[in-house]
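Let's start with one chain on its own, the form predicted on its own, as structure tokens.
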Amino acid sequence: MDVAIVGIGIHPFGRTPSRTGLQQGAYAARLALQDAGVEWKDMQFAFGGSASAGNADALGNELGLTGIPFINVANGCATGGSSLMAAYAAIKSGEHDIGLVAGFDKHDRGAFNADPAALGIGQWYGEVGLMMTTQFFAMKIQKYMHDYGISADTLAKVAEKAFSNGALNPNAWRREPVSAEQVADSMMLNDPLTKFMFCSPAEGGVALVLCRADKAKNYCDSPVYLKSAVLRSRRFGSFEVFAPSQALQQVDGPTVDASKAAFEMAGVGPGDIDVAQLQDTESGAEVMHMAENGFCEHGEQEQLIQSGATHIGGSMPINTDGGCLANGEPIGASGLRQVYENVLQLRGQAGDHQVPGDPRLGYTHVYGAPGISAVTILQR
């Protein structure tokens, strides 16, 4: 049973003091239902997640108490991708015909403040500063730059592209371009990553309506088909955020495993993808994830990024809506934002940030602690 996305909705990301996170999720859900031409009472199930704004199933209080089976999902930064995968499986199994996926969040200002004990790590890990993701990712990209010849200027170029794309996206938080020079000269947080190379915890909501592919045209003239939805966790030997040690023998991370499985499930390869959204919680993440998702070899990012290949009009458009850098990261909504963007792109409805050439295949990737990756491949 194939699965289609027939409705999409988004609440603008950033800061919205006048609405709770739950209300932002409900806003997005109403738009998604309207887009599909259905009502909340028509939904047979729902999956959703929120890390800081309450249980997602409380959306029933906003949308209506219909008795719907609504399952809360929590999986770090991969919460949105995990919710979508669960909904995909519910329809593909034949259990349900149509349902909703929603994610929202409203995080406090400042860096995420995770508790080591919640991840099975001793308090010593936080006392030495490693619970700060800024430090972990700075160390990881330092080693990567050394091993594969990536320059600091390339990190700045990633952020410059993100803010340029965000300026074209009416739902992005950061709507002003920032030059590579401004990025490089901004406050150093954790060498080599400066202030403008990191995303910020944020607010926002996204919702999708999914249905059986053979019924999609009943709801939407331009359905987008979910060809694969894959989640993988880390294997022993991969070094991931919040990992308390490094094994002597290293293996590929969960992104590599999830990407390979998604391509195999969809029957396509990296060269077939027309537009991609990759986890970019900081500039280095986008660089590393380009290779881990199979779009290039390690080290080739330097030339690709410097040449403009990853821009909207380039040969490998990445994070066309500005990514996490321009949108911020409300954990429950972030992965679904990527899918929302790809549906717009494949429908040809992305406006000023539309990829030229009538894109047909879209790819999304999220990565979360403590080593979880989710990948989707969408087809028009």
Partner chain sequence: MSKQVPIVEGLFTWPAEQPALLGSRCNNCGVAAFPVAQSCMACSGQDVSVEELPGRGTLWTWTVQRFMPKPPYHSNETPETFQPYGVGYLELPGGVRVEGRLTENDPEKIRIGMEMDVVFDTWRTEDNGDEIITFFFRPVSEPAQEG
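Positions refer to the first chain, counted from 1. Please read all numbers here as calculations on a predicted model, not as lab measurements.
The same protein also has a form predicted in complex with the partner chain, omitted here; what follows describes it.
For the three marked residues, L22, N61 and T66, no heavy atom of any sits within 4.5 Å of the partner chain in the predicted complex.
Segments offered: 215-223, 158-166, 96-104, 127-135. Contacting the partner chain in the predicted complex at heavy atom distances within 4.5 Å is 127-135. Of the heavy atoms in K143, some are within 4.5 Å of the partner chain in the predicted complex. Heavy atoms of A247 reach within 4.5 Å of the partner chain in the predicted complex, making it an interface residue. Remark: N190 counts among the residues lining the partner chain in the predicted complex, judged by a heavy atom distance of 4.5 Å or less. Although the partner is absent here, A291 sits far enough away that none of its heavy atoms falls within 4.5 Å of the partner chain in the predicted complex. When the partner chain is considered in the predicted complex, only one residue from G76, G253, P177, P116 comes within 4.5 Å through any heavy atom, namely P116.
Among the residues M139, M265, I71, A89, the one placing a heavy atom within 4.5 Å of the partner chain in the predicted complex is M139.
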